[in-house]
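Coming up is one lone chain in structure tokens, specifically the form predicted alone.
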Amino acid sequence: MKKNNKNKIYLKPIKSVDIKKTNYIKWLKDKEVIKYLYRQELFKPFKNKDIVKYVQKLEKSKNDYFYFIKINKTNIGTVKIGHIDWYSRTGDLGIMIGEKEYWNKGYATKVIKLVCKHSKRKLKLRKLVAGTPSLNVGMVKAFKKNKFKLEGNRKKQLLIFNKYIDHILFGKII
């Protein structure tokens, strides 16, 4: 996929055989990286083989696409276009920037733009939706910069850091 000034940003499909060669499992074990993913199972001890099985399931899925986010040749995170409804041509978007040195530098904004183009051109989707905890200010900004519209705010829906937090829901016709 396309470039960003001097750094080439692109998506590479994740294969289960590649998991052990990357930082993916390390990211999932880092509480700071996963704190806003709202995947409670990741906060408990898990086996690496369970993560490999999860990726194998995604590889076989006809309704989910899972990619590494790459800058030049470095994996910096993941993006998933999931729960695709082929009849209505919609999908859910989920992003994780795992490499902390890439946080707060606008990469999530650039990846969302890239994924929107990919979803429209390659997957022929017409709409993407996404949700994020209200505490995840960076993702809220990234979605707004990409012209995602606020479609809902589920008040005190998520329990994060022993506090109930709003779940902000976004959508965009692409």
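The first residue of the sequence shown is number 1, and the count goes up from there. Predicted model only: the values in this text are computed from it and were never measured.
The following text describes the form predicted together with a small molecule, which does not appear among the structures shown.
Only one segment in the set 44-52, 58-66, 115-123, 139-147 has any non-hydrogen atom within 4.5 angstroms of the small molecule in the predicted bound form, and it is 139-147.
With a 4.5 Å cutoff on heavy atoms, A108 counts as touching the small molecule in the predicted bound form. The small molecule is not drawn, but in the predicted bound form it has no heavy atom within 4.5 Å of L28. The small molecule in the predicted bound form is approached by N104, whose closest heavy atom lies within 4.5 angstroms of it. Contact check for V129: every heavy atom lies farther than 4.5 Å from the small molecule in the predicted bound form. The candidate spot formed by V33, L37 and P133 is fully in contact with the small molecule in the predicted bound form: every one of the three has a heavy atom within 4.5 Å.
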